[in-house]
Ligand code: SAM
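Below sits a lone chain in structure tokens, taken as the form predicted on its own.
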């Protein structure tokens, strides 16, 4: 467990084994944090954090049965289905997010997969957000290859499509689509030349082996996701995961650290669940290599720390927003 850190400037590896990743999770906490922080500093300024804002452009009514999701039509969560927002309302929200310091604007729709006619408005939103000088990201469910090409032509920078958990635990969370369905969408996105945003959720009753399996699935993709959101389950009454036992904060930090080590050049996003995290837990996540957050009061349908509390935390930790650097 005291093996030297591999060449920090070599190309990211896609040949990680589960055994290697399990060994990382098992490292004594000080050693794991040192290794993650060292790798983080070799690729990023550790005082800079990317600020993203997430807007639900079409909420609820999704036919999927994802066991954690308030937008599933299978569960009674109090979330009512809405129509797709109009383009100008979305751009007004994007402008406000930019003025509040966000450099990336993410738009999510509660669909299993978008209809081709729905993409007309989404593409117009993407074009408008880019015109504001922001990076663009959407999450719309499963995509066909031609749909991914349409989004690329509109100027989309990132497409979010999470693996959620390990391949083995996946069937305990979702039955309406397969793991391969998710991998197929990622292949279509990558094939169209769009950057990939892909991570998962922890705290859904999975084992430590499943957290190893999730990171292995992400880190063994042919090209690492450019953005890796690590979500702590937000318990939502009415969903099967509503009574799941929260993950120990140190185990959550370990997941962030192992993601940073195995995907050294990816943006690792401290994503859902920050509303219930202490400042101390979030500080450990930043030390472990998290360098992206969602900024604003809500993540689709769940709470998120308000902007003032994030600014105060950044002030205490000496962190600053990362400037926009579009790689397109």
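Numbering follows the first chain given and starts at 1. Because the structure is a prediction, the values reported are computed rather than measured.
This next part talks about the form predicted together with this ligand, which is not shown.
Of the residues 136, 231, 147, 255, just one reaches this ligand in the model of the complex with a heavy atom at 4.5 Å or closer; this is 231. A heavy atom within 4.5 Å of this ligand in the model of the complex is found for exactly one of 161, 224, 211, 188: 161.
No residue in the set 35, 203 and 268 has a non-hydrogen atom no more than 4.5 Å from this ligand in the model of the complex. Under a 4.5 angstroms non-hydrogen atom cutoff, this ligand in the model of the complex has residue 177 among its neighbouring residues. Looking at residue 126, you'd find every heavy atom of it more than 4.5 angstroms from this ligand in the model of the complex. Although the partner is absent here, residue 109 lies within 4.5 Å of this ligand in the model of the complex, judged by heavy atoms. Residue contact with this ligand in the model of the complex: residue 141 places a heavy atom within 4.5 Å of it.
The candidate stretches are 117 to 125, 214 to 222, 162 to 170, 188 to 196, and the one lying within 4.5 Å of this ligand in the model of the complex by heavy atoms is 162 to 170.
Contacts between 32 to 46 and this ligand, taken as any heavy atom within 4.5 Å in the model of the complex, involve no residue at all.
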